[in-house]
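There is one chain below, alone, in structure tokens, taken in the form predicted alone.
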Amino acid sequence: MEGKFPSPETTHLLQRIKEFSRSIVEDLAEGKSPEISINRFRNYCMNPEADCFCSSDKPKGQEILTFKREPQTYRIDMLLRVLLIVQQLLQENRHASKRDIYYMHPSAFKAQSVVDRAIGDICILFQCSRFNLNVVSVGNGLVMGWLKFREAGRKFDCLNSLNTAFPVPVLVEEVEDIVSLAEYILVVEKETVFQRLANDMFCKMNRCIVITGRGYPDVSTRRFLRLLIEKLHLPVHCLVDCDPYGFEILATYRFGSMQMAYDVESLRAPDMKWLGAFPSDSEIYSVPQQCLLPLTEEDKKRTEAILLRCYLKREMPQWRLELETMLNRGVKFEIEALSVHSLSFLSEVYIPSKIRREVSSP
């Protein structure tokens, strides 16, 4: 909570930040050029035939930042500027978003991406997650269903109103007293699908928790999902559009993002199952031809690039086959296309049949 005394972990992190800053100042005072070693991480490579180690959380290389290289001087300057802000946040036990930090010195940072990169570098340097720095994302996610919990003293009682959308908590590390009667967690790509399920009273008929990141998921949504998985040990299913963008969202939940590969273990859902929509669903569930859209050239290029990712061949060959099928057929469709049969087809037929199939499969 804001304003309480720093935890022992925060105190230790503050001490490390002071030691790091002191070493930089001492090097400069002695006329030396400080060298900052930044480990590099990745959670996949683009060679499906490679005998790679991308599934390991160990560094995949290192980058040395020094004032001797002029292009790196600005990057080091911005890293230290953001680190000073982080130090203040930790000392005062306050939280800020990346956007808040950018607007503290917009003329110096010049772009949000500069702040984003500095925060990533700091996390790698101090081997911590973004939330350890008291840097929080502006939450976009929604949750409903058989769940209740507390966040920083606030009560979230989804159980009392099963089909009402509650915001995913921003301070995920302060979530406690999690209680659930759910049998599974369903993650849906879009808010429109989430609202469709809410309107159809899906959670009243099915003992589940439904979460949406409202498109590409933010850190809070991914971290909250990971927390529920760790605490509740429930199976997790994901429903996305049958297109390369939908698959990107699925892959981000399941494997993590390349941008935050250094923190993949706290953000991914390693056992998430792809519920749909599959290319084959258009035939199985009789989606009319007029509801199928042709893949654009950009769609095809994106799909071809995804197919090169090592984790598909190594861990999920069946997912790779589905992507190849989509590419060969040259068409895509949205989840909402299933509503051509009836407005409640998704909640009354499609999802229940898919869940039953997953439960009965070995």
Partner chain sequence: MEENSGLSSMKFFSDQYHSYADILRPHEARARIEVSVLNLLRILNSPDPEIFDLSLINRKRSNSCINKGILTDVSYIFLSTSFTKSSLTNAKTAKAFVRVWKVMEICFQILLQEKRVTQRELFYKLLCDSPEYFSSQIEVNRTVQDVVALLRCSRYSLGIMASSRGLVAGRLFLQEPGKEAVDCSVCGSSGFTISGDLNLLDNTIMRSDARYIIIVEKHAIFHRLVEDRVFNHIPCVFITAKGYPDIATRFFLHRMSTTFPDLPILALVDWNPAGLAILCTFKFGSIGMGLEAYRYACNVKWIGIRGDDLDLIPEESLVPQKPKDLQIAKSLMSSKILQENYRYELSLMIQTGKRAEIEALYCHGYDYLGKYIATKIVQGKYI
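Take the two forms, find the largest set of C-alpha atoms that superpose within 1.5 Å, and that set is the rigid core. Residue numbers count along the first chain shown, from 1. Source: prediction; values computed, not measured.
Absent from the display: the form predicted in complex with the partner chain. The rest refers to it.
- prompt: residue 343 near the partner chain in the predicted bound form, any heavy atom under 4.5 Å?
  reply: Within the cut-off, so yes.
message: Can you tell me if residue 233 lies within 4.5 angstroms of the partner chain in the predicted bound form, counting non-hydrogen atoms only?
response: Looking in the predicted bound form, residue contacts with the partner chain do not include residue 233, since no heavy atom lies within 4.5 Å.
field: Heavy atom of residue 139 within 4.5 Å of the partner chain in the predicted bound form
entry: Yes, residue 139 lies within 4.5 Å of the partner chain in the predicted bound form.
message: My question is simply whether residue 156 lines the interface with the partner chain in the predicted bound form - judged by any non-hydrogen atom within 4.5 Å.
response: Yes, residue 156 lies within 4.5 Å of the partner chain in the predicted bound form.
field: Listed range touching the partner chain, judged in the predicted bound form by heavy atoms within 4.5 Å, from 27-35, 289-297, 65-73, 321-329
entry: Only one stretch passes the 4.5 Å heavy-atom test: 289-297.
query: Looking at 171, 179, 84, 128, which has any heavy atom no more than 4.5 Å from the partner chain in the predicted bound form?
result: After the contact test, the surviving option is 171.
- request: Could you check which residue among 116, 191, 248, 77 gets a heavy atom within 4.5 Å of the partner chain in the predicted bound form?
  value: If I apply the 4.5 Å criterion carefully, the residue I get is 191.
- prompt: Has each of 89, 196 and 337 got a heavy atom lying within 4.5 angstroms of the partner chain in the predicted bound form?
  reply: Yes, the whole candidate spot contacts the partner chain.
- request: Pull the contact list for 80-97: residues with a heavy atom within 4.5 Å of the partner chain in the predicted bound form, in sequence order.
  value: The stretch 80-97, when checked against the partner chain in the predicted bound form, contributes 89, 94, 95, 96, 97 at the 4.5 Å heavy-atom cut-off.
task: Please check if residue 149 moves between this form and the one not shown, taking a CA shift of 2 Å or more relative to the superposed core as movement.
output: After core superposition, the displacement of the residue 149 C-alpha between this form and the one not shown stays below 2 Å, so no.
message: With both forms fitted on the core, check whether the Cα of residue 202 differs by 2 Å or more between this form and the one not shown.
response: After core superposition, the displacement of the residue 202 C-alpha between this form and the one not shown stays below 2 Å, so no.
Core-aligned C-alpha movement of residue 184 between this form and the one not shown reaching 2 Å: Comparing forms between this form and the one not shown, the residue 184 CA shifts below 2 Å.
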